[in-house]
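Consider the single chain below, provided in structure tokens and representing the form predicted on its own.
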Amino acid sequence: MTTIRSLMTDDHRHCDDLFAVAEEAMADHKTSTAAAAFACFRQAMLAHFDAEEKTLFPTFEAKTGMSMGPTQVMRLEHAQMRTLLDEASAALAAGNADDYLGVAETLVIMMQQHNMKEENILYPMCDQHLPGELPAVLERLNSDLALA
């Protein structure tokens, strides 16, 4: 049975794989390939954030009444990562590999810490509190993630 945790964790891995393609291209000094790969990664990350912020978090908050807890922290971290995604894209567009690598290093650390919190705390809480809403939430999340 698909759970919120399994669906969203799988999407984290999908985003990680896209990021790895960009990193490999940068390591091979293929800047235009890296920029194209990073654009795909960025689009997938933004779709993931949007799916959580438009579907998962509001559903969880409505069910539990917790709007200032973990979902608020995740939204703040999404905002920080959106800024890093923009900075990395700008560095790639300017052909500045050093700036890109610096931002990418910060981004990967933030993503690892953020994903760990979601996968080990928030998604299990969602699965626990949303069993009745699960089919509809999974359908909407799948639809949101498909936009990437």
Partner chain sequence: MQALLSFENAPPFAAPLRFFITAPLFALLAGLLLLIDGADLFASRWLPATLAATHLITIGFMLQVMLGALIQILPVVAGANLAQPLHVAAIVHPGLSGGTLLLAAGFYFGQPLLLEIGAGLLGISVLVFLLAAGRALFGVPSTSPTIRGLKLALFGLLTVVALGIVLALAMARGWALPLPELTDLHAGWGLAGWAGVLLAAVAYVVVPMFQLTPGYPARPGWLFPLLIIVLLLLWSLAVGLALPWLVRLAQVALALAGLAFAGLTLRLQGQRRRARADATYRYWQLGLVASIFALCMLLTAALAPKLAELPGWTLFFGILLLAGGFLPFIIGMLYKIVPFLAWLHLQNQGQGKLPAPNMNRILPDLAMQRQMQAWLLAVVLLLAAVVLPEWLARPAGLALMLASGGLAFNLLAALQRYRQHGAVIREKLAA
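Residue numbers count along the first chain shown, from 1. Just so you know, these numbers come straight off a predicted model, no measurement behind them.
We do not show the form predicted together with its partner chain, though everything after this point is about it.
Think of it this way: in the predicted complex, its partner chain has a heavy atom of just one of 95, 102, 58, 65 within 4.5 Å, and the residue is 102.
Just one of 89, 31, 43, 106 comes within 4.5 Å of its partner chain in the predicted complex, counting any heavy atom, and that one is 106. Proximity to its partner chain in the predicted complex holds for none of 2, 75 and 124, with the criterion being a heavy atom within 4.5 Å.
In the predicted complex, its partner chain stays beyond 4.5 Å of every heavy atom belonging to residue 136. In the predicted complex, its partner chain lies farther than 4.5 Å from every heavy atom of residue 85.
Contacts with its partner chain in the predicted complex, taken as any heavy atom within 4.5 Å, map to no residue of 35-60.
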